[in-house]
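A single chain comes next, written as structure tokens; it is the form predicted alone.
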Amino acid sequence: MRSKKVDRRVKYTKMVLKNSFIKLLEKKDISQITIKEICENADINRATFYAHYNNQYDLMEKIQNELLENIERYLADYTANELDAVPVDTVERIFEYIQENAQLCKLLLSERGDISFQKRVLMLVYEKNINELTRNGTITKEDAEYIHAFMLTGCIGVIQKWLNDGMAKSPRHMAKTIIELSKIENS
């Protein structure tokens, strides 16, 4: 019984620290955020913060890792052996996840966001896309890498615009749009 209570408290503590940090990130760069500010906004003492994180950069990395792991879980349904293209349902689930975490995603994909995180997002589907593009031998791996970079930076741009527009279009509509825009004929 006691371990569940501790787990719940730890989850709560991490959640309020994360939310406090995200609110601060909306106003200023990570290098200007102090642990004291994070803790004051979260109503958590510094010792508790340091029990979970080394500093604000460690907190940011853990938030990014959690986001990427969740997206990877959505992509796990989509394997190289099963499908020729990403199904709309999978991309829709990713858009739903982005919508549920809009505040965080908007920050991480903005100019204030971490460029290395954005590159990690791009690498999530790298191997599958490269294999798919070079499958019939009409496109070289080098050309496929250019196409991949173009498609994924475009996808991030579409996601940024969607977030900035207040997610007016449904996740399903956005999934269909991304898939349609990403189609490349190997001819």
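Just so we're on the same page, rigid core means the largest C-alpha set that superposes within 1.5 Å between forms. It should be emphasised that the depicted structure is a prediction, and the values quoted were computed from it without experimental measurement. In case it trips you up, residue 1 is the first one in the sequence shown, and so on.
Keep in mind that the form predicted together with a further copy of the same chain is missing from the display, and what follows is about it.
S.K.: I'd like to know whether I35 contacts a further copy of the same chain in the predicted complex, with contact meaning heavy atoms within 4.5 angstroms.
M.R.: I35: no contact with a further copy of the same chain in the predicted complex.
S.K.: Using a 4.5 angstroms cut-off on non-hydrogen atoms, would L68 count as touching a further copy of the same chain in the predicted complex?
M.R.: Because no heavy atom of L68 falls inside 4.5 Å of a further copy of the same chain in the predicted complex, the answer is no.
S.K.: W162: heavy atom within 4.5 Å of a further copy of the same chain in the predicted complex?
M.R.: Heavy-atom contact with a further copy of the same chain at 4.5 Å: present for W162.
S.K.: Would Q99 count as a contact of a further copy of the same chain in the predicted complex, using a 4.5 angstroms cut-off between non-hydrogen atoms?
M.R.: No, no contact at 4.5 Å.
S.K.: In the predicted complex, do D7, N19 and A175 all put a heavy atom within 4.5 Å of a further copy of the same chain?
M.R.: The answer is no: none of the three residues contacts the partner (heavy atom, 4.5 Å cut-off).
S.K.: Looking at a further copy of the same chain in the predicted complex, which residues in 142-173 have at least one heavy atom within 4.5 Å of it?
M.R.: Result: E142, D143, E145, Y146, I147, A149, F150, M151, T153, G154, C155, G157, V158, Q160, K161, W162, D165, K169, H173.
S.K.: If the two forms are fitted on the core, does I159 show a Cα displacement reaching 2 angstroms between this form and the one not shown?
M.R.: Result for I159: yes, a 2 Å-plus shift.
S.K.: Given a core-based superposition, decide whether the C-alpha of S170 shifts by 2 Å or more between this form and the one not shown.
M.R.: True for S170: a C-alpha shift of 2 Å or more.
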